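This document opens with one chain alone, in structure tokens, the form predicted on its own.
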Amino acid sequence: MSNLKLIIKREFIARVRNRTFIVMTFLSPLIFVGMISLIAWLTTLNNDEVRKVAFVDETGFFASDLKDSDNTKYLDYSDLDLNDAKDSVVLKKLDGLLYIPKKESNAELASSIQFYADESPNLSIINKVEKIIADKLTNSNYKNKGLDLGMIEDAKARVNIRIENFSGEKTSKMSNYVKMAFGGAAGYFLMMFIIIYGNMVMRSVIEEKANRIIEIIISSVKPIQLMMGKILGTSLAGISQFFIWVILGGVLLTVATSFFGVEPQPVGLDQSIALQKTSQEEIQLILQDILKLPLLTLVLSFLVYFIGGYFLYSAIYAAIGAAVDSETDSQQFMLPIILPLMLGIYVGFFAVIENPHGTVSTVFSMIPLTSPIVMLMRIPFGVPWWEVAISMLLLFGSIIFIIWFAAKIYRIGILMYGKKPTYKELFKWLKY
């Protein structure tokens, strides 16, 4: 036991004193916050850009509807010939030219409109123009058929379905997406942590093996103690780094937001439109849904699944590190590690959000290799305690088996040099 403590201490100190570890611990939050701030700032610049679009309307029917907006200015070139209008647009470097020809019928006109631009036109402008023309032609068709536009508008039904449970509590229509956001973030962070720090364990084993230090170390301690010491020591260093990232990143994000006056938001998201479409009541319901989430259960489950998932995969990473002589040779064994993690993410985002209690979601939340991710995504939707308990028991039961399995490979592979192992050879090592 004393040897294990010494190995854990040595691995922890070796990690935290490493220059790369120290630099990335403090530089990563700066890069992350800087990227968010830069993207948000560039997004605001992009939204402030005014695009100039010329149009030639031979019908004279749409000119009054093509009105300037905050980010689009329309120039009427209807008095020019089409070729002259094209030359003028190119000369003035405008964003495009909309050509509306004169046709016999609305149906023919709808399929004859063209937009000229050297570069791919802005999608929002095209969609807006299409809507203006479609609405105008639709109203014209109504009039041609002798229909009253006012009566049609009054006859339109606007449905707003309110959602509540059988206890009478109201919920938002966005409830599933709110739950998925929390569960998805937890699952994604867990996956990234496993990949980053699992690779750290593998590189540590490869370095000692390549430097031939391992023969000296293995004479004093058991291989399984050395492997567990590396996993635990690296995990403590990783947890320390993770908490520094969270604290430093939160402080930097707050400072950047207040200093630059920029609100971080996803690219392409127009908040003003979103707020216009979302009623005040809907916003309140979303906030209520967030408060009703099992946040404590989610946090505690994250810690448990983080520990379980990390030990499960780190043991595999350690075994791979012992089996190969260089990091390049390890690539052939990466698929069995990456595939279950990616599968868990895809199942979570595509199956859980559609049916969190369905067969696919439930099965993958029980399989140890995917349960840390999928179950974390399911918990915000409300999972019976016994399902979580079974999932955790299966996970920690599998850890014992995987550690035994990895230790057998580690014991033989750590002293093997100069030969690239195959899956067949790894299976033979289990018999020794």
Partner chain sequence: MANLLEVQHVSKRFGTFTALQDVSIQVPKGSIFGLLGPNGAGKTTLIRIVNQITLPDEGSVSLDGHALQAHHIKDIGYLPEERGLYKSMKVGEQALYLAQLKGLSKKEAKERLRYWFDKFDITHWWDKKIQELSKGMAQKVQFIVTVLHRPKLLIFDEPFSGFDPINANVIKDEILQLRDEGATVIFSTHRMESVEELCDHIALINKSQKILEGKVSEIKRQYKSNTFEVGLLEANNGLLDTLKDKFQVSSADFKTIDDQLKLKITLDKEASSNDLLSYLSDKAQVLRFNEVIPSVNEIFIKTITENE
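Predicted model only: the values in this text are computed from it and were never measured. Positions refer to the first chain, counted from 1.
Although not depicted, the form predicted in complex with its partner chain is the subject of the following passage.
Decide whether Q284 counts as a contact residue for its partner chain in the predicted bound form under a heavy atom distance cut-off of 4.5 Å.
-> Looking in the predicted bound form, residue contacts with its partner chain do not include Q284, since no heavy atom lies within 4.5 Å.
Any non-hydrogen atom of K156 within 4.5 angstroms of its partner chain in the predicted bound form | K156: no, not in contact with its partner chain in the predicted bound form.
Is there a non-hydrogen atom of E208 within 4.5 angstroms of a non-hydrogen atom of its partner chain in the predicted bound form?
-> Output for E208 is yes: heavy atoms within 4.5 Å of its partner chain.
Does its partner chain get within 4.5 angstroms of any non-hydrogen atom of V16 in the predicted bound form?
-> No, no contact at 4.5 Å.
Considering its partner chain in the predicted bound form, find the one stretch among 213-221, 189-197, 313-321, 89-97 with heavy atoms no farther than 4.5 Å from it.
-> Selected range: 213-221.
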